[in-house]
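Only one chain is given next, in structure tokens, and it is the form predicted alone.
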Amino acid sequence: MPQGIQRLDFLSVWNVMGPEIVLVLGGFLLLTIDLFMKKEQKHILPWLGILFFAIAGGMVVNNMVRLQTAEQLQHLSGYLYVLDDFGNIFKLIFLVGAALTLLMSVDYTKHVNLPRGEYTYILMFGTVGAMVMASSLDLITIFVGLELLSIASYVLVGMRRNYAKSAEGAMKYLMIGAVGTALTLYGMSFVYGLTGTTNIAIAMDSVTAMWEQFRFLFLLSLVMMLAGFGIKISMVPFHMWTPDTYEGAPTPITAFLSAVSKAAGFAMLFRVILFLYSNFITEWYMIVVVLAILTMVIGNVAALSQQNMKRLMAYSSIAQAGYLLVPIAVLGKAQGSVNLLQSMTNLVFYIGIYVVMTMGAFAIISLVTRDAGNEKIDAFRGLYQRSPYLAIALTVFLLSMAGMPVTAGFFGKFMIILGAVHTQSLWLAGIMFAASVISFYYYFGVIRVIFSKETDGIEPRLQTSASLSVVIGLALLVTVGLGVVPDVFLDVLAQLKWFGPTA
């Protein structure tokens, strides 16, 4: 693998970073248009953002097709930034999640006073940060992507200027995010200090050669980065910001944090662990196992007592992070590349459906809580009387998150548990199953309220806007469709060249 810095020209950058460039240029274009547009005309800006997401998504699909026939892996400047299917599939997930967030926001911004222009282009820049995190093979580039996503997220959470909880959530996220930044940089500095490079593909060989001599320092760097990345994915014990931030953020942004931001964190975590530390995973995988168990159990147990719907979803999101850590943890007992590919497939399958069902659920939560004027679970009382379609759709999303059969969530969890069983991690599979059973209690608690005959004094009939109907309909189609025929998505994942044509 070449170690020198290659000369960059626009064509080579465009070939590798075309989708990111489109979104950056689109963001600056919207920023300029926003300056000259009248307030009543700005409703078009989220639609323009969705258009740019669609263009970028088409380019990512084209890159995936191109990679099947390419003779060499596309990359920039000595593998600083790579164009492989690992990054491409995550970019598609981010783009779908971000487009659904904007589609949800079309309705939300009609009723909540938010600056549509800033909201749209900051969300686009944050998505670019997530995409950079997925394709980077260099610690500095990963850090740049992480900060771009993080800073955009802080601003978006605090965008409801006259809502105290929004400011509180943004402040907590900013403060804990700053701690995460420091820990991540500190961990990265150990790797650079020991190996003399920030390129994780090149550093991999040095780590292997120097592991015995500097075992403690390498483990310390791993723990530091795990802590920093753990804040991004709401992993216990770095999850404390999550409930307050989710509650205070505009509801579409809560969905974005819960789905897209978390998926980006896992893409980054998997890439760094796989390249830097996988040769010695048997020495440290128990750290991830313990964190996965704590995250699953504490997230689910804390959700049991929640009376606020967004806080309940926050703790549910923490528990989901624990499930997603299991495919990484079982690599400690993996027997070769087959287990590795299976773990990646399990992780990406569950993240893909988690993003979609989360978007669908938050689209309904946004509508119902706005109509009721509060975010309590009681706001959903008698939802079936007011809108059978929304009640059934939200029930399907919650059942999928719980892991009930004939939903996409069931197959996602089933595959993760099966992966743990295949690597003889039976007790870890058992704990994940038990944690899922705990989650049934609070998910069914909400479902019971939805089908209650009482309406809590709220007027019957709930009108759904066209944009929200599209989000809910698409999410419902994917959640039910992949529950019946999961092979549609699994076949796509099976065809991926995860780390290039030779992988």
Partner chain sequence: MNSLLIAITLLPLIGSLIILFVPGSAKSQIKGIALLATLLSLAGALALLGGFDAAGKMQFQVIKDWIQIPAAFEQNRMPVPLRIGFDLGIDGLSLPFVLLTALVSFLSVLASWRVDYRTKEYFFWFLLLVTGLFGVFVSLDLFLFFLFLELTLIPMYFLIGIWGGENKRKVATKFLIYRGFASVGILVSFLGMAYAAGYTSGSMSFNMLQIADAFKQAGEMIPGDYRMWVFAVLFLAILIEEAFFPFHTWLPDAHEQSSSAVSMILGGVLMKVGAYVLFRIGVGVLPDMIAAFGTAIAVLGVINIVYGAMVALVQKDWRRLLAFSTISHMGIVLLAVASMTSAGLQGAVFMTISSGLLSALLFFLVGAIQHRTGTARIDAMGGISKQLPVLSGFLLAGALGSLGLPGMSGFVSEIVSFMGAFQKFPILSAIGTLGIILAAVYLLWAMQRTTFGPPGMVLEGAQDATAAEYVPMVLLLAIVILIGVYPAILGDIMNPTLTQLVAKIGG
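Numbering follows the first chain given and starts at 1. Since the model is a prediction, treat every value here as computed from it, not as a measurement.
If you look for the form predicted together with the partner chain, you will not find it shown, but the lines that follow are about it.
Contact annotation for L490: at least one heavy atom lies within 4.5 Å of the partner chain in the model of the complex. Within 4.5 Å of any heavy atom of the partner chain in the model of the complex lies no heavy atom of R461. Among heavy atoms of F280, none comes within 4.5 Å of the partner chain in the model of the complex.
The closest heavy atom approach of F214 to the partner chain in the model of the complex falls outside 4.5 Å.
With the partner omitted here, the stretch from 264 to 272, 419 to 427, 126 to 134, 247 to 255 that lies within 4.5 Å of the partner chain by heavy atoms in the model of the complex is 419 to 427. Relative to the partner chain in the model of the complex, residues F143, K172 and V179 are all farther than 4.5 Å at every heavy atom.
Checking T369, T197, Q342, S206 against the partner chain in the model of the complex, a heavy atom within 4.5 Å turns up for just one residue: Q342. Of the residues given (L219, I287, V155, M415), M415 alone sits with a heavy atom within 4.5 Å of the partner chain in the model of the complex.
In the model of the complex, the partner chain lies within 4.5 angstroms of at least one heavy atom of each of the following residues of 397 to 414: L399, M404, P405, V406, F410, F411, F414, in sequence order.
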